[in-house]
Structures are given as structure tokens and as C-alpha cells.
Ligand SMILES: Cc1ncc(COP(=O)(O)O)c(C=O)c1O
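Only one chain is shown below, in C-alpha cells, and it's the form predicted alone.
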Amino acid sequence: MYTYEHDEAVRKLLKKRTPALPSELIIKCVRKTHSKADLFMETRGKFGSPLYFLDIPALLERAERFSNAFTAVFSDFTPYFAMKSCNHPQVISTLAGNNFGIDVSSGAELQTALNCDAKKIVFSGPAKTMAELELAVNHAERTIILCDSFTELKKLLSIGKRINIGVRLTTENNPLWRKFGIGHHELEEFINMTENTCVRFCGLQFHSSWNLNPENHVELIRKLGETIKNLPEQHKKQIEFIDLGGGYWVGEGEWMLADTAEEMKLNKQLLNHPCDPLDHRYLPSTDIETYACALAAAAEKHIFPHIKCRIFAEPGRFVAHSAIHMLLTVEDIKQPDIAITDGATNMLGWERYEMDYFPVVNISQMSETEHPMMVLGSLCTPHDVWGFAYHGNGISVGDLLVVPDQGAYTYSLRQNFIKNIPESVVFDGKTVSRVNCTSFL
């Protein structure tokens, strides 16, 4: 039944204004892409397209920035890259060789991390099978299991081999998020179950996703501090690390098509026409240095008065964001407003760019000006969209298009849907070479 409350909610939504994406952020991204134009053209000439272009210098730059931000404010800090955000083996091996641990969430990811010679691994995720737990136990010298339930603990106890473990604490009462971890009120019981057993309890983990600012993270640290404060002293002494989880957003904010903004969805339904394809919106985010300072201040206030411990974090998106660019060739111009590329969104695994926005940059005809045009992939489905505009001085069959900064939650979600998954090339700062990803799996 429609009520007065519905009217009020609609009025409130219509008054909302999601900020416009600042043009300077877009131009900065386009110019960065233009700066590698010759490299991209040479790469296509040698290896063809479509391609995943893995940019090692960009990966290391963001990894170093994240690590520096947190080591500046935490005296004993270890970053663990969240593999689910980008499971490209070259990303994993590069980060593992540069003082990053690896956060895995399945037996398959654990095996990849082992094959990539990761020396520090945390194994998180719900409903771990016996086979997955046995794999971790067999590599206990470099793996910490972050238990997700009492059931997992019982499975580990039945295996009967020594391993270090932590436990994930539930952070939200949302029904879908309750699948993760145990309640704060259950922590003491969990620790008691580990006493005089083969497992060695030594840490705590929580996780919060899609953090555009540190407010929720800070609140979770406060709540964790209360939990630790009320533990028996002998249990406090066992906590050697706290894993603050992931969800750290990139400093550029969340970019989206205007149609995706909440109030614009309603506007579109009411007026029955789409938004301007050159109208881009965004949700601003906190820079990582400020974010790290906020978490350190919260830990200093709520956790360190009760225990002294190491701090872990599980960055994914922030580190992987600029690590991969998509190289595509225009294969057909169907209409003045429709271009079709050889690269399809099975490279991403989902219809991301019907919602999200990233510049489509024409390297063959470079310009900072953006023009309306549907840029589509070659799958036999209409839900195969790269964008509704491109940056360039025209667009023609044979042009090379680059979709930059696609390292996070794209390669990991790729799928053999209609077309095969493209090959990868790796730029090490000097040369570009093809990489055989299957040798790591």
C-alpha cells in the first residue's frame, strides 16, 4: 500500500544530487593513457588484440603507496593483497616478491599463491572444505588460516596437525553479511576450544567492503576494542595480530554513468528517456594516507590500550586498480553512433559498463575531447557494453581503443562466454612480453 512515507522518500530522493565527475579527473586519466600511446600501438602490432596489458610499474607504484601509508602510522604492519580482486598470476608473483603477503579465499587461490612462491598467506573465506584446509595445513610454514566458523575449527582439530589460526568476526547484521565469521559474543568460547589442541590461536580479522571513507572502518575498530577489553587476560595475550581486512577505495572515487545515480534512476523512469552520455557522476573518496591515519588513531584509542599486536590489511582494489589496461580494435562501425570492437566484456565477466564509467580512449586518433557513441563488444548479446562515449578525434575501423585502469575485479571475473579469454602481455618498464598464465595454475 502506498503511504505518506513513500511520498516523503520520493521527495527526498528527487532532492538528492550525486556529484558530477570532475572533468580534471577524467582528463588526467586520458592524458596518462595518451602518454603510453606508442607503447600500446607497438604492443598491438606485435601481439594483436584484444589483450590484457599488465602494467608492472603502475602496479608497484600503487602497492608502494599503500604500504608506505600504513607503515608510516603502524610500527608493525604487513599488507596482504586480496587475490579475489585480481588473480592474474603475474600480479600475485610480483607483489609476493615485493614484501606483500597474499590473502586467498579458496583452495584454488591458495594453490595459485603457492605456485607464485608467496611466502606469507592468509586464508580467509567461508565454508572451507576439508581438502582446502588440508592444503593449508600442509603449507603451515607460510599460511595462517582465518577461521570463519566453529565448524571450520572442528574440521581443523580433526586433521590434527599444527597450524596458526585466527578467526573472523561478523561485522554487520545484514542477512547476507551474516554468512561471514562468528559473533563478537562467541569469541571467548572459540578461543577456549583451541586450548591444548593442535591449532594455535593468534589473531583476529574483520572485513568491511566498498569503503569510500574510513568512518565504518573506524567504528568497527571501536567495536573490536570493546570486545578485546572484555576478554580474559590470558586470551588477550594470545592475540598477536589483528587483520583490518580490505575494502580500501581508490582516491579517484567511484565513477558511474549518470543513469546509475540513485536519483537519476528515478528521473529516467519518470521522464522515460536516458541521461546525457557525457554526463558522468561520482562518489568522492578519502585518500589512502588520510585513511591510514584515521585507522591508526582508532587503533591507538580502542585497541592498543588493551593489547600490543601486529596489524595486517587486505588491500585489493586500491593496489590492482591501475595494473591492467584493456586493448581493443574497432572491427565495425554499424551506424554513426555504434562502434563494435574485437574485445568483448567476457574479459570482465559482467555487464560492468552499463553502470560504471571509465574513459574509452582512441589511441589512433588522439584527442582529449569526449564524443557520444555506443562502443560495444563482439558478443552475441546486447549486454556487451564498453561505454557510451569515447575520447578521440573521430573513430574508424582499425582504430586502437584503450580502456585504462581495469585491474580490479575484471580479470578475476573473466569467463569463456561465447568467445575465448584473450591473452595477456606484461610491461616491465622496458619491454613488453607475452605471459603464459596457465603455468601458474
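We number the residues from 1 along the sequence you see. Computed from a predicted model, the values in this text were never measured in an experiment.
Heads up, the form predicted in complex with the ligand isn't pictured, but that's what we're talking about next.
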Just one of 347 to 355, 285 to 293, 136 to 144, 240 to 248 has residues with a heavy atom within 4.5 Å of the ligand in the model of the complex, so point it out. 240 to 248
Just to be sure I understand the contacts: of H302, R317, R281, H325, which is the one whose heavy atoms reach within 4.5 angstroms of the ligand in the model of the complex? R317
Which residue among L95, A113, A82, A339 has a heavy atom within 4.5 angstroms of the ligand in the model of the complex? A82
Although the ligand is absent from this view, report whether S209 comes within 4.5 Å of it in the model of the complex, heavy atoms only. yes
Contact of Y409 with the ligand in the model of the complex (heavy atom, 4.5 Å): yes
Is R168 one of the residues lying within 4.5 Å of the ligand in the model of the complex, judged by heavy atom distances? yes
4.5 Å heavy atom contact, Q205 and the ligand in the model of the complex: yes
